[in-house]
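Here we start with a single chain on its own, the form predicted on its own, put down as structure tokens.
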């Protein structure tokens, strides 16, 4: 059987790290087994769904290198939902209700006061056709609930959580359709999973109770349920669900200079004890993707970890990959010189500016100015070569007796305007003899 997974975002906002992780894991699960990964745009909420968010979802996945094998939109499938809904109505598995939210809340309070579970009492099932006709004549439209089979225990072997058991007698019949005819999430999702041939549903543990309800929906619709797995939700470094995580989108990560490979490397392993390896590409990540490696403990997301992983990605990035995004004129020698000091690729432009100049001369004392004047004279007397830094510092060490930081730091400051940075042995040839002399002489003034 071909594995088919899906990612089903609602286009009511930008993707954030939580649903990006869900998308990635479904893609890796399908990829590992040579299956198919589908994108389903859950746009049944016409008021909140926006086309720019649909385009952003597609663009974000493409930027990560996550390419769906097919796409569906729920807004194009209303006819299918109507047909399947009609079948359920004929079977008596959906029924009309009229309670207002206020009435339902009052019922819940009464039940809790009596020590009973606060579930829907199915009062609407006692309504006769004459009752329904009278309500319709009065202009009252019903909402619809799915009738759970309270004699059939709900069980499934969850791919992460293990055996799950729910007692339908302790569950409310879920509302599946509003009075205005619009759909709630659970029934259309089950209908789509059947129609799209979805074999495996991997999603967050906040959907476990939804899955319990949907297990009976699949049966009522005449289909075997897919395999379900529910992974622990992400938490922030403070150890709890964070508003920051709920808003941290891929657009913000891109603007912060995070590379797709870094995001893939971290999110692919979050929730497992497997080490994050920035050198692994999509194929290797898919080959090692295993639901049995996921634990029940909350998965901790740390932005600092992401930036460290990003630095590792940059430090291994070949010039050919970086070149289209580097400043004009920056060649491979310059890239290799500055690469070890970069945490984000955009920082290369800062170091290229250091190479090309101008740089601000440092504030230094009289003794250091004299030393830099001697450095300019020594450099002018040297035969320029690829070993200019070695030759210059050797000559100055012998002439001045300086060594270590006392020798190197004033030179770095004068030549780059910085206290730290790439190896000067690699930077000095890039700066060039004439420019280096000009910088040393300016600093000595």
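Computed from a predicted model, the values in this text were never measured in an experiment. Residue numbers count along the first chain shown, from 1.
There is another form of the same protein, the form predicted in complex with a small molecule; it is not shown, and what comes next is about it.
Checking 374, 107, 207, 269 against the small molecule in the predicted complex, a heavy atom within 4.5 Å turns up for just one residue: 207. With the partner omitted here, the residue from 369, 77, 339, 203 that has a non-hydrogen atom within 4.5 angstroms of the small molecule in the predicted complex is 203.
Taking non-hydrogen atoms only, residue 391 never approaches the small molecule to within 4.5 angstroms in the predicted complex.
Although the partner is absent here, residue 42 sits close enough that one of its heavy atoms falls within 4.5 Å of the small molecule in the predicted complex.
Using a 4.5 angstroms limit between non-hydrogen atoms, residue 185 touches the small molecule in the predicted complex. Among heavy atoms of residue 440, none comes within 4.5 Å of the small molecule in the predicted complex.
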